[in-house]
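Only one chain is included here, represented as structure tokens and corresponding to the form predicted alone.
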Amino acid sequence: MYDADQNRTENRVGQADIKIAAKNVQVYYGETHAIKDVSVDIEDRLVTAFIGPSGCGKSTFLRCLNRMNDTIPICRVEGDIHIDNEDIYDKRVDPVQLRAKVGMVFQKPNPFPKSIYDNVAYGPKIHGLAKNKSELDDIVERALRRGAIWDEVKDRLDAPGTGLSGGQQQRLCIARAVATEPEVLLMDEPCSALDPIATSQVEELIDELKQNYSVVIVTHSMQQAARVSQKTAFFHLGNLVEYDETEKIFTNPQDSRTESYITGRIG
């Protein structure tokens, strides 16, 4: 089983910047024990991929990182998760403010039924990030540029976001997520509903985003994990089995279950 404490010692030697530190995390849905004693350190300004068979817990664990599981009445989370040494489950932490710091992009593009401009401006408005319209315009443009969609939409910002193609909608959702200047960006299978060309565009964007954010991506595609991530975590039956540099996970896994998944014998 993956040993986070040993990894922490190695990281201290290598002076890696730890953005998210999870220790002994358990997640229950009623009586079902969905996540079992997961400990992991996620580094800053890298892409970390969560892989594993369907139902293995990777999306459940991802949703712990911005307290999205709080919205499920039967869900209970135990253990410690710190972002920048702050306990995100401390009762004094406002989940709404946390989600401004930890943005999320979902599997299916979900633009609001508003204009392209208002989709991106929504978060900065509710969090009071702009003093006036000019500042808001700048934030919207910057976010759309970071979402690699500005050139395609700059002349039709008043058009509905729902009128864009699937790939454009997903890049709009990424722009919406980064508009609040988050430090962490969570992506739950962001390309599974996209065609190969749109997938390639989003993957290029993910590679650029790691310059400014810690990116954590859940993907069912091992090829995608190999292309976009620097670190990979393999989940199986609610356990974190192995976590290491992506190249090592795919070429020299230490656990037989990881090897079985990579080679297609389980999954």
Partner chain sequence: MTDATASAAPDAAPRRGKSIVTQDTNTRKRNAAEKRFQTYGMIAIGIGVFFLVALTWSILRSGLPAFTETAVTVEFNLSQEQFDEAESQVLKTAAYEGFFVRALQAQLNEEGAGDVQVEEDAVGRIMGNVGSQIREFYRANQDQLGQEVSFTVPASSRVDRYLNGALSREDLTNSRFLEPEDLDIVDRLVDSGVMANAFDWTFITGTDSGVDNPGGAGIGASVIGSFFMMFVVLVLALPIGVAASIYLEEFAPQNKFTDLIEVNISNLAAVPSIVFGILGLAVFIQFAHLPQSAPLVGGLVLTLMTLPTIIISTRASLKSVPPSIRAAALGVGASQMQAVFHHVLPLAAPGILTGTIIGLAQALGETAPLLLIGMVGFVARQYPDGLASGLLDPNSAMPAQIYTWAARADPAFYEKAWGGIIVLLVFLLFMNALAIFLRRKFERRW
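All of these numbers come straight from a predicted model, not from anything done at the bench. Positions refer to the first chain, counted from 1.
There is also a form predicted in complex with its partner chain; it is not shown, and the following applies to it.
**Student:** Looking in the model of the complex, any heavy atom of Ser134 within 4.5 Å of its partner chain?
**Tutor:** No, no contact at 4.5 Å.
**Student:** Residue-level question: is Thr162 within 4.5 Å of its partner chain in the model of the complex, judged on heavy atoms?
**Tutor:** Yes, contact at 4.5 Å.
**Student:** Taking heavy atoms and a 4.5 Å cut-off, does Gln168 contact its partner chain in the model of the complex?
**Tutor:** Heavy-atom contact with its partner chain at 4.5 Å: absent for Gln168.
**Student:** Applying a 4.5 Å heavy atom distance criterion, does Phe112 contact its partner chain in the model of the complex?
**Tutor:** Yes, Phe112 lies within 4.5 Å of its partner chain in the model of the complex.
**Student:** Exactly one of Ala100, Ile83, Cys191, Ala143 has a non-hydrogen atom within 4.5 Å of its partner chain in the model of the complex; which residue is it?
**Tutor:** The residue from Ala100, Ile83, Cys191, Ala143 that makes the contact is Ala100.
**Student:** Look at the candidate spot formed by Thr32, Lys36 and Tyr89 and say whether its partner chain comes within 4.5 Å of a heavy atom in all three of them in the model of the complex.
**Tutor:** Result no, not one residue of the spot touches its partner chain.
**Student:** Go through 145-153, 75-83, 112-120, 191-199 and give me the stretch that gets within 4.5 Å of its partner chain in the model of the complex, heavy atoms only.
**Tutor:** Of the options, only 112-120 has residues within 4.5 Å of the partner.
**Student:** Under the 4.5 Å heavy atom criterion, name the residues of 175-206 that approach its partner chain in the model of the complex, in sequence order.
**Tutor:** If the 4.5 Å heavy-atom criterion is applied to its partner chain in the model of the complex, 175-206 yields Arg176, Thr180.
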